[in-house]
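Single chain ahead, by itself, as structure tokens, in the form predicted on its own.
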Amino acid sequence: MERLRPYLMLSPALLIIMLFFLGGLGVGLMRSLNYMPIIGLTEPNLDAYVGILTDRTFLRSLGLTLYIAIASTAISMTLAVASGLLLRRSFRGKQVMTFLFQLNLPIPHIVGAIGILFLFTQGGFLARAAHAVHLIEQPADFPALVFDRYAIGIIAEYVWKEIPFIGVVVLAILQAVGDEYEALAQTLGANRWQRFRHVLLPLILPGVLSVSVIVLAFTLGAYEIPFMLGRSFPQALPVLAVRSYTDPDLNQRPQAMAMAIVITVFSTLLILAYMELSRRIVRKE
């Protein structure tokens, strides 16, 4: 009975997860296979998948989504590690800087997106300020950082939000391990780079990779930021899926659900690849 106790205690949460996640995933899978008796589709088939996988719009949206997710995660992870290494040192105003570093953790993503719109659009604050000091002839000459082909505004918002999220984990690990290992390596003649490469990095890498997987999965499936800051074409895959799902033509529903299943599959594959890579790196270290 004692062995079953953890499972019994976790069972309410697991039941809710299974009901909403697996239940929703099952319904979505059936609809993606064109099984919707309510509109007369009673014979499952792969027409929706064939349709989207041969659609150039879908393929471009998929490529854009993968680019945004991977770029956002890589930049956030790199800057978070650098920030954590800087904030672990003792300096005047450290508590204030640490507080400011973590300040945007409770701020919703949508607030950050609105801030990006106010600051970086060609009619935003920075464009008007540059025009006021005669750096550009008119606000429209400001570089296109939002609604642009490289999704700079979307990536910037994700990076702004996720750096402290990953950085808090880095700081927690560094504070837990202390300075003893690094001091020992220094007494053995290791320089700063060698101490980071062979001492600190193996200690923080498992935690950093774990939280980066969460960021990667979130950015792959997020809808509101690409919708607010992205171009109308190509759209990020979640935006394209929602647009297809809300189409008045119910015959678009199977393709919309097929897109959602593709997002789920790619998220799962990337997470599994990321976890395998992290295990190999940690094992090698």
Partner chain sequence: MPRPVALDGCEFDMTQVVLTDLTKKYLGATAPAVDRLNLECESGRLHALLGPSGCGKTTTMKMIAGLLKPNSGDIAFDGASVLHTPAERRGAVMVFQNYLLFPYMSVGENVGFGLKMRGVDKQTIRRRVAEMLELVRLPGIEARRPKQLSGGQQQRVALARALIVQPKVLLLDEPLSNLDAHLRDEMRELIRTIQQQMNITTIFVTHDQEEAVVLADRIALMFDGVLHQVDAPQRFYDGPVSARVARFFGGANFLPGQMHNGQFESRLGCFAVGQGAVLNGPALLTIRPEAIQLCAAESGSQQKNHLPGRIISRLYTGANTRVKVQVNEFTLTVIADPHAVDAARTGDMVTLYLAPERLWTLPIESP
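Positions refer to the first chain, counted from 1. Computed from a prediction, not measured in an experiment: that's the story for all the values here.
Omitted from view is the form predicted together with the partner chain, to which the following refers.
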Q. Given that the partner chain is left out here, which of F147, F101, Y181, F165 has a heavy atom within 4.5 Å of it in the predicted complex?
A. Y181
Q | Heavy atom within 4.5 Å of the partner chain in the predicted complex - residue from P108, P202, P143, G123 | A | P202
Q: Would you check, heavy atoms only and a 4.5 Å threshold, whether Q175 touches the partner chain in the predicted complex?
A: no
Q) Taking heavy atoms only, is Q95 within 4.5 angstroms of the partner chain in the predicted complex? A) no
Q: Tell me, yes or no, whether Q186 is in contact with the partner chain in the predicted complex, where a contact means a heavy atom of each within 4.5 Å.
A: yes
Q. Given that the partner is absent here, does S210 sit within 4.5 Å of the partner chain in the predicted complex, heavy atoms only?
A. no
Q: Choose from 194 to 202, 74 to 82, 156 to 164, 112 to 120 the stretch whose residues reach within 4.5 Å of the partner chain in the predicted complex, heavy atoms counted.
A: 194 to 202
